[in-house]
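The chain below stands alone and is given in structure tokens; this is the form predicted on its own.
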Amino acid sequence: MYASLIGPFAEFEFMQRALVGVIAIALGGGPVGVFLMLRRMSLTGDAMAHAILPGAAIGYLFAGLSLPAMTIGGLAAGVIVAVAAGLVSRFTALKEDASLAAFYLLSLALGVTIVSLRGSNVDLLHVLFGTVLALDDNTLLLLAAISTITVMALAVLYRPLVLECVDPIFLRSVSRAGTPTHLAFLGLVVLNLVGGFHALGTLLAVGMMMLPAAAARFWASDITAMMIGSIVIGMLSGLGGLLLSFHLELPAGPAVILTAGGAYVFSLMFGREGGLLWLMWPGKHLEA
């Protein structure tokens, strides 16, 4: 038991760093994923994950695999795409989901092209799938800072975010906090995707945000409980995925996301809040 579960983290420093990284990602990304899901913006998160790719690729073009350059580039690209998609949907007949899809495809193609101009196939794989087993001190500090900022910001924005999920019309009628809250929330989405990008790559970063959130929905109906559940499921998925990768010699990033996907399928089947097993086993009706 020790050799299988604890040994890899006790003996290898790169496994310890990877574990700290995925825990930080789960702590910040899980609650953000819950609000994305409740606001029916799950696919928006996926589109935004690809939107950061051109900015990160431009940072790579000028500075190589530099953490500050790729982070600043990714943040800038994510904000630009979010604002541009909002303006297109506001001033044209195109809906926000269609405009995000257009920007997502353009961003993915542009980012891959930019990386390919200078880098090798290894660099391209690094950008697309991350290097969770090669996190350095600066990257871990960045992930910790992002998770800290996210938790503190959600604590401040919690009430307007919940109101916007439940009754956005009421929020607009009693407060002007709706638009600033929405913009701040999009900023948190971009920030967490940039952090996830450094560990899991642009193609998988959104996985640690949405899969634990979707799994937690089948175990809780209260928003706070869902947020806590998403964090726990995300952390356990990171732990399980790293162990799976270590023992079976699988790519670490995909193994983490596959483990989170397994948690989602398990929750879909057995979750107490709408799981398939509970739907097939209805409770007793009230008797007169």
Partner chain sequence: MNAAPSAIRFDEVTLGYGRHPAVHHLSGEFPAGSLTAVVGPNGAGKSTLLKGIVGTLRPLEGHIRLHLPAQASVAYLPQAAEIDRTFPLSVYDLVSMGLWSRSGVLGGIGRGDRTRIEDALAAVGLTGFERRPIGTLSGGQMQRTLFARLLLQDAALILLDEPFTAIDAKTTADLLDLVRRWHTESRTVVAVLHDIDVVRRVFPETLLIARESVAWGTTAQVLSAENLLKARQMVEAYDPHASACHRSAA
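Note that the coordinates shown come from a computational prediction; the quantities given were computed from them, not determined experimentally. Positions refer to the first chain, counted from 1.
Absent from the display: the form predicted in complex with its partner chain. The rest refers to it.
Going by heavy atom distances of 4.5 angstroms or less, which of 84, 156, 106, 94 would be at the interface with its partner chain in the model of the complex?
That would be 156.
With its partner chain left out of view, choose which of 75, 163, 144, 114 has a non-hydrogen atom within 4.5 angstroms of it in the model of the complex.
Going through each option in turn, the one that passes is 163.
Can you say which of 234-242, 216-224, 62-70, 252-260 gets within 4.5 Å of its partner chain in the model of the complex, counting heavy atoms only?
Answer to the contact question: 216-224.
Does residue 38 reach its partner chain in the model of the complex, with heavy atoms at most 4.5 Å apart?
Yes, residue 38 sits close enough to its partner chain in the model of the complex that at least one of its heavy atoms falls within 4.5 Å.
At the 4.5 Å heavy atom threshold, is residue 136 in contact with its partner chain in the model of the complex?
Looking in the model of the complex, residue contacts with its partner chain do not include residue 136, since no heavy atom lies within 4.5 Å.
Quick check on residue 171: any heavy atom within 4.5 Å of its partner chain in the model of the complex?
Close contact exists here: in the model of the complex, residue 171 approaches its partner chain to within 4.5 Å, heavy atoms only.
With a cut-off of 4.5 Å between heavy atoms, is residue 120 one of the residues that contacts its partner chain in the model of the complex?
No, residue 120 stays farther than 4.5 Å from its partner chain in the model of the complex.
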